[in-house]
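Only one chain is included here, represented as structure tokens and corresponding to the form predicted on its own.
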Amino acid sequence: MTSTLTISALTKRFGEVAALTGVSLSVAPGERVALLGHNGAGKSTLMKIILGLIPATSGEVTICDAAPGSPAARRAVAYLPENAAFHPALTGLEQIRHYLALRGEEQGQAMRLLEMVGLGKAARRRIGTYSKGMRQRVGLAQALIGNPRLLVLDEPTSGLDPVSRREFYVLLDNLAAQGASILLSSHALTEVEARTDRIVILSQGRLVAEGSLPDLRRRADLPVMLHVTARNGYGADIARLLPGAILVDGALHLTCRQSAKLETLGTIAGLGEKITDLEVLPPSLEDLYAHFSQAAAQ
């Protein structure tokens, strides 16, 4: 499958400072990729190069086989910043019509775009009355003009309430299902954990980890937590069979390495009716992010 975005050995220097060093990655059609990293890790610089706002020092970037900033790339890519700002006196419909006119697109598409992002009923309200979540939806509607092949989103859910965040990701899921590629930068690790296909971690301008969540868990081999609920009277017996387990109010808490998870689960399954419940808690994305970032720093 041809990648929508391809980055090869990308390096960007500002004088003596290396903002990016040898970064390579790709985003396929319909793929949702989370770009993670601390402030100063190089995320914003990478996005600016993709958008054609600044040039790379070396390396290559292509968007649908076009160079960043070229007319073809500008038609294929759309950007949504963390804080989308619009004229408060305009209605949502007027604002999107304005952007359509600037792009040379048919203004009759405005209502369809607003309906796609869930703003059909508020289309004729002034943007000054919108919540931040609604303004982000206006930004997404603007980004969808021209059916872009790649969406670059910078902290798109910052400041949104939990319901608005969930609805926003449903919109992204639908766009990805239609073939749009999504590159999303976020500090909200718990929400991207279940909403992306692949994770890219930058640290000090270098790509230090890349893969799906299961891939990263296997590579990190961090401890897996297991909570075993014992049937009445069997707690002490089970604790003797599970070295390192701690018995607390009838429940046993233990950890094992990712590589030993299946063996440990097999031992627990063999206990049969002596247990009533088992909860497996794998390392979270926050755990993995901390692991790979600290390893890179060392």
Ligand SMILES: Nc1ncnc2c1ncn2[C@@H]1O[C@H](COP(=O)(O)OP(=O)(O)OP(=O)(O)O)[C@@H](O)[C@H]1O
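In this text, residue numbers run from 1 along the sequence as written. Keep in mind the model is a prediction, meaning the values are calculated, not measured.
Omitted from view is the form predicted together with the named molecule, to which the following refers.
Novice: Is it the case in the predicted bound form that Ala78, Glu106 and Leu150 each bring at least one heavy atom within 4.5 Å of the named molecule?
Specialist: Zero of three within 4.5 Å in the predicted bound form.
Novice: Taking the named molecule in the predicted bound form as the reference, which of Arg231, Lys261, His253, His38 has a non-hydrogen atom within 4.5 Å?
Specialist: Among Arg231, Lys261, His253, His38, a heavy atom within 4.5 Å of the named molecule in the predicted bound form occurs only for His38.
Novice: Sort through 268-276, 241-249, 66-74, 42-50 and report the only stretch with a non-hydrogen atom within 4.5 Å of the named molecule in the predicted bound form.
Specialist: After filtering at 4.5 Å, what remains is 42-50.
Novice: With the cut-off set at 4.5 Å between non-hydrogen atoms, does Arg125 touch the named molecule in the predicted bound form?
Specialist: Residue-level check for Arg125: no, no contact with the named molecule.
Novice: With a 4.5 Å heavy atom cut-off, would you call Asp173 a contact of the named molecule in the predicted bound form?
Specialist: Contact check for Asp173: no, nothing within 4.5 Å of the named molecule in the predicted bound form.
Novice: Might Asp161 be said to contact the named molecule in the predicted bound form, defining contact as any heavy atom within 4.5 Å?
Specialist: Because no heavy atom of Asp161 falls inside 4.5 Å of the named molecule in the predicted bound form, the answer is no.
Novice: Does the named molecule come within 4.5 Å of any heavy atom of His98 in the predicted bound form?
Specialist: It does not: once the named molecule is placed as it appears in the predicted bound form, His98 has no heavy atom within 4.5 Å of it.
Novice: Pick out the residues of 73-112 whose heavy atoms come within 4.5 Å of the named molecule in the predicted bound form.
Specialist: Sequence-ordered list has one entry, Glu82.
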